[in-house]
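Below, in structure tokens: the form predicted alone, a single chain.
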């Protein structure tokens, strides 16, 4: 493969994944890691990518960039499934659980098979996943609000809905995380709604794949140190892992196994559903 074509492929991969390791690029391009490092050096000199130990990320990703839910649900699928399954194992019968909007929390919803359980969410997609599991021992509380591209219900109605609720554990997905900006989202109202979720939670568990590290959204939700736990995949760079462990008490790594299907469990088609609305 010619150098120019490799450079185009590297940029394409980074646009999809946000950040990537040298070893991963070498396999994807069918070249040596030394060749990848030279390519990254060239792209870095051109101001296109930013190198870090063991990998690279795109320079200047817009802080307001927010891919739609249907796009994000196809990205890092195996990784998100593994994170979701690991997170669900923390849920105990009789507890109240909060799920913010996002594709990882959307996947997490289908693993919530403990009962009795109360789930509070601001995501219509999460509620649709929980509908087929409906039973007298599963309560779903869906906030109102304005719908965003990430399928979150946000704004004053959502914040008011959450202001009087108290939940045992909140599982929060994020758009990005950095040492300086903390956990972020491109949407100002989503950040405000997530902060309302956090205020009512006894425990905050962030669920995110490694591509979220080094990405900064427009608005900070909370600092890294606000999280009690972070569940993330083992593709994270070692330097990034050490940074996160210095800020977050519990960082749990998962190692996903490749699957033949992009989803281990099939979702039922969305149907009209009964949920408890909070005004």
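This one's a predicted model, so the numbers in the text were calculated from it and none came from an experiment. Whichever C-alpha set is largest while still superposing within 1.5 Å between the two forms counts as the rigid core. Positions refer to the first chain, counted from 1.
Heads up, the form predicted together with the DNA isn't pictured, but that's what we're talking about next.
When the DNA is considered in the predicted complex, only one residue from 234, 34, 27, 239 comes within 4.5 Å through any heavy atom, namely 34. The stretch from 243-251, 225-233, 36-44, 207-215 that comes within 4.5 Å of the DNA in the predicted complex, counting heavy atoms only, is 36-44.
Under a 4.5 angstroms non-hydrogen atom cutoff, the DNA in the predicted complex has residue 22 among its neighbouring residues.
Residues 51, 52, 53, 54, 55 of 43-58 are found to place at least one heavy atom within 4.5 Å of the DNA in the predicted complex. Relative to the superposed core, residue 27 undergoes a Cα shift of 2 Å or more between this form and the one not shown. Relative to the superposed core, residue 245 shifts its CA atom by less than 2 Å between this form and the one not shown.
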